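The chain that follows stands alone, in the form predicted alone, written as structure tokens.
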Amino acid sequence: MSRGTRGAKGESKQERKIVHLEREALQTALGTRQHKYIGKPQPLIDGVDKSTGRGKYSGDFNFPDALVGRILRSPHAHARIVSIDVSAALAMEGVRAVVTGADTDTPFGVLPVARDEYALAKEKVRYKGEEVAAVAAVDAWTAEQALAAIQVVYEPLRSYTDPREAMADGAEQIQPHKPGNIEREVDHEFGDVDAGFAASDAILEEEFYAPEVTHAQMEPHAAVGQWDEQHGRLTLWCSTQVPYYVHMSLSAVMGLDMSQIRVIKPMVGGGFGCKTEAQSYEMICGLLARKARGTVKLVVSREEVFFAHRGRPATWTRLRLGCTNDGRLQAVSAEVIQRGGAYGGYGVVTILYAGALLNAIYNIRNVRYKGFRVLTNTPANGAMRGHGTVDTRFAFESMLDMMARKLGLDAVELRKRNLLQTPTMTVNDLLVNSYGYPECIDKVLEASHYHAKVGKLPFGKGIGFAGSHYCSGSAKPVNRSHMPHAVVTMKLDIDGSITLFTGAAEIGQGSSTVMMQIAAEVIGVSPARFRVVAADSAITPKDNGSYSSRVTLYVGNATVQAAERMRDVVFQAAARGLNAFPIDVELVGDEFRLISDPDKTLPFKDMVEIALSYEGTIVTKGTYATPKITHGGENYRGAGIGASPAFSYSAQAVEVDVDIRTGKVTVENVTVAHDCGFALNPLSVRGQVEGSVWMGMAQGRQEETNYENGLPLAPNLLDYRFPTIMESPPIETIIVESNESGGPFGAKEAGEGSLAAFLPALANAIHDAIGVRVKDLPLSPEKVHAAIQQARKARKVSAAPIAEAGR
């Protein structure tokens, strides 16, 4: 039999060994050769659809027979439901279905330990705007009239928006299973904190506050539910970052087998964390569709999004820092209170991250953390970009500048004296392999001319520096199982295209584009041959979803494996056509050819015909699960948050101009460096880093959610202020590549780590400009002006010497 003509099942032991050696050679070659398709700017594959309006979002799906869904929401922040009478609504012409809390007895929630929500309130309402009933009608006017016809009798109870009041003795209990209204208490201590403070030459203790903020995504929540009465099946189109968790929740709430549900994620117009858990409106849409025996479209209004927004919780932080005279950090003690809202949501994780990620950026051997996630009569808070870490990083990086000033040291030099030496295991068991933070610092200092400006600019102008970091996923999936964390399949068929199927949600971060680039790079074929199908539970494999910056590393590794297996198939087929071994074949453009005889070629389409002979469609699969790591013979626990496979790092310098008369702060320039391991698509990496800076700027300068009698005061995009393009400063983005060994081609996260550095860099810049330290966010004109007035009163001097004395 001639060389290279036998199929895989007929290979000899020697030939199988050759295939194994070829795979090893491929791995080596991919790591050393110049990349063809990764590491180069690639426009996002859905960019044209989005920019032309051709793309479809959940709210764009119009079915001729679709009913209109509407939700009745509670006018009380805390009350018992005495009775609900829906008879008048049901009697109205054009009303097809009404659902209440009586229509489901199963609670749901993204975390198994916090499944405390019902699709519609049962017995009690716990915040203003909570879902009480819902209707499906032939048109919007009829649906609104039906809501008005529903009679609900409430018994008001005392409500709480301040977590410290909710924790007080005698406070009304919000959830029956959470005494003292404490959703989660975390008490961690690593090293000997008291000894660390005793060894310190300087100790600082300060309090910081960050208000609740929301995601303000362009697309409001929307879902379309279609019930197939004949087969008892539900199809749900919804705007989500986690189709798999929506699928699971629908199954539980509706009492349906998973096989009776199909979840389709169309385009998502922004998520940033607000869509990382199943929400009531999705459950309600499914319940209405089944009860109406048809199709229901439910689009949540902008005001309703603010009523149930799942944003970043208001956070009170008391931080104590101990340091030697030469700037070595000896001990840290942090106490954090978060206003969690009425339900668990992501609260268990959020309060853990706030403390655990005090580590993994600086070398601190003695750390104490006490955190309280407190239930209040406000919307449940959840995950938001930089989940759990942003507010405590604001406090910590502000304190580093304050400590440096106390010791008479340069603030950046103090940070440099506490850098990690990698690879390392932090005191709370976070494993850091790649660490580009030192390079980020140096590049930002150089590009911003920081040392030529800090303390030397004219009064009212200043520059501030800060650093931040974030994880690339976690070893623990939200719902634990022995299944892989990510699965990718690829299909080669008669048309010569390769289709990549993934359950990972493309939410604007460019994940589908990056997976296409990775697959093209491994196989060696142009990205033009690829289609990517993401997030349709009927045809794509299970994936945990897009959250905690997990997709590039997890799904990227699964894509590499699936692509390697597809490469084996196509090169073996090409080798059969060229009467050679696969190791003797190369792919150049759209042709295979012999390395030793480049004139002997095989077109790609002919290879496809050979590959599909006798077998038909070719399908390969790749999976990824985080490796199990032990430390000192014990399971690696990552201080309760799960071991992240990698951490990203960021450094920022922010330049400001402060108007001493009004307190207005103008951001004049931002320089940011981000360590993403390897930039698979530099275009999308830059976009993600700039987006992180932008959200940090919004929270740092303008955003806050306040309540009056439990009602949010700015439930729209006019009153809820964030920067527009008119307020955009120049942002210089520098990509740092540290080569993460566990990531695909060395890549790790790029979308969250840069957010948290902006807030303290802004505060530090304001202090450099006018000598005033503001510790409460946002750093709005009102707060900056109030701080100026307070400083004047305390020092009894005019405005200008405030800054000069501070410097």
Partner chain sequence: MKTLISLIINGRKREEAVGGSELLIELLRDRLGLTGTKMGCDGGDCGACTVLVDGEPTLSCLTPAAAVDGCEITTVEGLATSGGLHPIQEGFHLKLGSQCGFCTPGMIMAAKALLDKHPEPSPQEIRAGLANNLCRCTGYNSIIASVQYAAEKLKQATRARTRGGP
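Quantities reported herein were computed from a predicted structural model and do not represent experimental measurements. Positions refer to the first chain, counted from 1.
Only in words, not in the display: the form predicted together with its partner chain, which the text now covers.
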Legend entry - Location of its partner chain contact in the model of the complex, chosen stretch of 709-717, 453-461, 119-127, 470-478 [non-hydrogen atom, 4.5 Å]: 709-717
Inset, instruction - Could you work out which of 191, 527, 496, 687 is the residue within 4.5 angstroms of its partner chain in the model of the complex, going by heavy atoms? - result: 687
Legend entry - Partner-contacting position among 216, 84, 414, 432 - heavy atom within 4.5 Å of its partner chain in the model of the complex: 216
Inset, instruction - Using the partner position in the model of the complex, report whether residue 731 sits within 4.5 Å of its partner chain, counting heavy atoms only. - result: yes
Inset, instruction - Verify the contact flag for residue 302: yes if a non-hydrogen atom of it lies within 4.5 Å of a non-hydrogen atom of its partner chain in the model of the complex, no if not. - result: yes
Legend entry - Contact flag, residue 617 vs its partner chain in the model of the complex, heavy atom cut 4.5 Å: no
Legend entry - Contact test in the model of the complex: residue 272 vs its partner chain, heavy atoms, 4.5 Å: yes
Inset, instruction - Using the arrangement in the model of the complex, list in sequence order the residues of 397-426 with any heavy atom within 4.5 angstroms of its partner chain. - result: none
